[in-house]
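Before any questions on how it binds or moves, here is one chain, the form predicted alone, in structure tokens.
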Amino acid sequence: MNKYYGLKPGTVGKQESEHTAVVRDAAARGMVLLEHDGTLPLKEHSKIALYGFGARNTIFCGLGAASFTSREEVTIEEGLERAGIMVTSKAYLERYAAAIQAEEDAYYAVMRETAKESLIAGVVRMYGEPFIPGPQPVITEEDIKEASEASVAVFVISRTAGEGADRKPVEGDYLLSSEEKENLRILSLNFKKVIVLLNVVGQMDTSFIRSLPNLGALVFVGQAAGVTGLAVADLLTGRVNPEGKLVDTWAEKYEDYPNAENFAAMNGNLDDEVYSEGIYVGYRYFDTFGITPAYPFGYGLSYTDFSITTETVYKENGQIIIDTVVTNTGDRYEGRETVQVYVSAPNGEMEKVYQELIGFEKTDILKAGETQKLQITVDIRSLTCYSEKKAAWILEKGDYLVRVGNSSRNTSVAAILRVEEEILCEQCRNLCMPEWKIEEISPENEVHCGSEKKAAEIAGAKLLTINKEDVKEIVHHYQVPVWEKKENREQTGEETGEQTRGQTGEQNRKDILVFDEKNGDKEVKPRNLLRFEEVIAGKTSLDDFVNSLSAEEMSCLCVGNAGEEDATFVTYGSGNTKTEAVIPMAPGTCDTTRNLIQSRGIPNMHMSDGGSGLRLLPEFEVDREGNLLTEGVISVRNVSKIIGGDYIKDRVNHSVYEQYTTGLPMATLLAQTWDRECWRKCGEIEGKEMQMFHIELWLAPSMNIHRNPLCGRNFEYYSEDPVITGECASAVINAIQSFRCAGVTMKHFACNNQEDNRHATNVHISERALREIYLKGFEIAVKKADPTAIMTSYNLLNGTHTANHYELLTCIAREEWGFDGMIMTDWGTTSQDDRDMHKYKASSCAGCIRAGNDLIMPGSRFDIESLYTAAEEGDMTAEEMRICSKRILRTMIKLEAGRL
């Protein structure tokens, strides 16, 4: 009989309520007040006229893997009404809601037609063709008359995006639609004040909104899962004072971004993506090239004001310490401020950006007139840049200006760090190099922001000298890859001895249990083999156990839960009971192989998607024999709408279980709190719920850089800046992994910065840009949080699939950073489906193992047979398979030891 950890319907525990309260508070604190003239906060029992798509059809999260399964989803309309705000525009909202429902019905009818082929086909199409509402109805004179009791109008602009498709710089997406502009114009003519809420996934053009003559406030509320409406109400009514700060630059117009014309499909080439902007990403570009944004990185208003004073800057034990004093200078509202520290490095042999974030701290809640001292500590090593010429992280000679402020465009020089001679801090090897020299943009002269204040600020700044004694030099030594060792042995005539440890002969193949524990129609009896329980009990070493595995067993172990289809979309469900007996399960998750449970005692690890919280089946059905009847893929958001109706077949005679989890704010919103304690609390929620539902690996956090605002998955990533990305991820990871048997999977490693043609895009990038921008956040998290696993991306990196990239996975992640966990592929990375249509083919199974990519997910028979064939034909050695197998088993020990 299967064992399930779901709850009986209607079971709402204390923990669920507590988690919702934590997320509600975090969401409100991550929302950013962009414009304000004093209209907010709304007074108690205010009357407002509420309009816009997101008022009643609030978007709670992006599409795809980052969805969640919260019990309740509160719209902005409902949240405001719960807070005592009266909405006077009900007739308009009813009319608009009916029109949207009709559009949705038509959309999902089309998706259902595709799903007749297979439910997976419907899901894939939904990913690539997300629902986009039609033009919204224009507000009429009758609508205005109905809402005339209100003096303030609130207009909600919503946008969605997700996995499998990028956004577009067109009306109704990055730009306002003509109907939205017309409705905003009408509201401006008929109400004293207009408040605009951006219920969107990321940056968009705000120029028209900012031109409104009576704009009272503009708030980026983002998408905060089920508590979105509650958090919005908390902010607008003053229950929470705005304290969020942007983690991206919002441009005046899309064309201001450095890669605007060439990003993804913009230039018509989806096969090759050239990162010609180099290190000039986000504010690094805008600040260096002197381009004024609509809203700079780190920016955010409050209902009160603050002053920041730097008391002193000094160095100690390889660190720079900045002591500051923050005062709430307002006379009415309490609030919090974030102190941000940037450094402006000198231009030497290498170009430098005008400034980059190196540290930050956030105050407690300060009452009007209250003061708090904050100390920001920065590692001197974080000031380095990567020299391709020297293959090293270095501090070039010159003056480094330490800047302190509350946004990238509001800083002042607090100290000068003088490096009198070049310091080599970390000797590496040039890895992941491009196939050709990338022609990168370069500022013609120093036109960067703040130049006019630079001389005066420097004159009064404290001077500190940095020398070689302040930074301990690190020298990396790289191991010889296994295949090079083998080639060297073959060239010298040595015996390789590969058959002695992992046999691959036909006789051995007949002696083990494979796939569904059967060999054809004849059940095979297992030999007296070493079992994994003996390793757990300390009776057998892990090395001896791994050495006892045959090549075919290792082929099964290094592939996920293989299905009948080629690289199928695997989640627990599908009525497959043959191999699920006596296996504890959380339906809606994915897992590693079950094929070695009986013969070797190797358990399967359960993995849950959901960057905005664990994504499980919210409800599932089990018959009287314990068979799971509900398709696991229904855990993907909106798939139930493709099915139509209740997907539970028999609520009377069958057992129904619930698995509601806590939805988190989208990653960008979470990062905008700039609050490590907030990040810790959200990580604890994930850890507790992983324990509750017996999930070993969370397939998150997602840590790719916001290279361009059109990336469809930016909401799932933290920021355009690698430091805020790494710090936020580290706090979340440490909190989750403080719970026994709970681990994370950082993804997508690396340069998964677009969704169109994401499976077959070749990213061409300089090594300096790769290391300083796109890998830095991962590096910070590895060194600060020791994540359990890493997931590779789909794309190629300078001509090699990341899943097959030895230099990326082994040399950089393992040997330079010290990562000692498991690496897995993204889902279907090795699938050959539709690859004839693309310039670049799929990554190879054997290439994954050779590169140190231990686990191929979700797994297929094709993958297993490919690995076994590669071992037989010598394309992959048994030693390489053993290395990967050992890392998988070591991860299982780490995550399973508390349960076995």
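Remember, it's a predicted structure, so these values are computed and weren't measured experimentally. Heads up: residue numbers just count along the shown sequence, starting at 1.
Just so it is clear, the following notes concern the form predicted in complex with a small molecule, a form of the same protein that is not shown.
- The partner is not drawn, yet in the predicted complex one stretch among 825-833, 643-651, 71-79, 418-426 has residues with heavy atoms inside 4.5 Å of the small molecule: 825-833.
- This chain appears without its partner; in the predicted complex, the one residue of 557, 699, 770, 705 with a heavy atom within 4.5 Å of the small molecule is 699.
- Shown without its partner, this chain lists 219, 413, 791, 797 as candidates; in the predicted complex, only 791 has a non-hydrogen atom within 4.5 angstroms of the small molecule.
- The small molecule in the predicted complex comes within 4.5 Å of no heavy atom belonging to residue 805.
- For the chain shown alone, residue 65 is a contact residue for the small molecule in the predicted complex, at least one non-hydrogen atom being within 4.5 angstroms.
- Mapping the unseen interface onto this chain, residue 163 counts among the residues with a heavy atom inside 4.5 Å of the small molecule in the predicted complex.
- Although the partner is absent here, residue 609 is a contact residue: one of its heavy atoms lies within 4.5 angstroms of the small molecule in the predicted complex.
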